[in-house]
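Only one chain is given next, in structure tokens, and it is the form predicted alone.
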């Protein structure tokens, strides 16, 4: 049975690069009737935080990536690592080293000056030292030969053993290192397939050596292209803009984030819109590209617009309500609230920005866009006064009637459409962003519309 795992470190909030890795692990497991597991790698006690662990687990749950078993934590599995280390010592494939940091630093400096790759020289390899408070445990890495493995993304990958030094398995304080924990946990959890970022590619031959020293079966690998920003540099989880919860807070649907991240490094012809079930059917790991994938916010906006459009009105309103509450918007304050929502639901690409567009239809205008005021409102007093006189007599106050009167105003005043419409629009919503002007007037209502236009006239004094 195929078993994959997502193994984040709780040293920061869940970021989108990690989400993409978790997503591919989840999809691959489900495609192969397997299990998707989560392992919290919290051995870095100085930087690990429970709040980050919660953020990671909550974020994965929110986008539908629930593990098939309860998550495990490395900090609770120390006995497994020590047992594995002792097995390696007993087999003669590990040794204790008492080289001091000063010697290792000098060695690195000398190698770098000579143009060589910095690596441990194996001084203690055959000294048969005993364990002490001053020793680390190192693995006896083979000095010749090579490591070969097939990567689902990259094909055959080869590393020469002579390029790999004797890595540390246990530190002098007895704490296990990342590589040992990783291998032991994968074996203990029954992991069969390791899917992770390409920044871990150089770790793979080292971990294969540990697997062999422990007599463990080989694993399947896939190393994914990095997620890049628009500047073509790697996105860092220390960059708040990359945190999943910030995108959700901005009004991107969880399904949109899944869709966007699945497309980072993978494509399916002309098909662009996917949901998780679609991905389980259509995604192929072997089709993932090798080059880095750029996270394009404009593409995310387009995807989110499509996912929002695919919601029925009641679903859309349910998603919108938390954002409305934040702005103190009560839908019931307007009798035609469903009509307003229906017409404004595609006004912007996110729930948060749509909510901002809705404010003038439910609340008083508190601020005006200054550029719009300067360009269209200032100097428009005669136009607005004329329009008010024509609008005051309109009955019924309907979109069709309003469009007819506005067309007559434009003709009578001999104005281009923006010259007439934009001052009115700024007066109504505080900016130049709204649906068609007749519709905007009808949605806001006669009394409020006339009051706002008269207020705009006063702003010209």
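This is a predicted model, so every value here is computed, not measured. Numbering follows the first chain given and starts at 1.
Heads up, the form predicted together with a small molecule isn't pictured, but that's what we're talking about next.
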| query | finding |
| --- | --- |
| One residue of 209, 138, 307, 196 in contact with the small molecule, assessed in the predicted bound form (non-hydrogen atom, 4.5 angstroms) | 196 |
| The unique member of 243, 355, 380, 182 whose heavy atoms fall within 4.5 Å of the small molecule in the predicted bound form | 182 |
| Heavy atom contact within 4.5 Å of the small molecule in the predicted bound form, the stretch among 138-146, 174-182, 99-107, 295-303 | 174-182 |
| Heavy atom of residue 319 within 4.5 Å of the small molecule in the predicted bound form | no |
| Touches the small molecule in the predicted bound form: residue 268 (any heavy atom, 4.5 Å) | no |
| 4.5 Å heavy atom contact, residue 41 to the small molecule in the predicted bound form | yes |
| Interface membership of residue 154, the small molecule in the predicted bound form, 4.5 Å heavy atom rule | no |
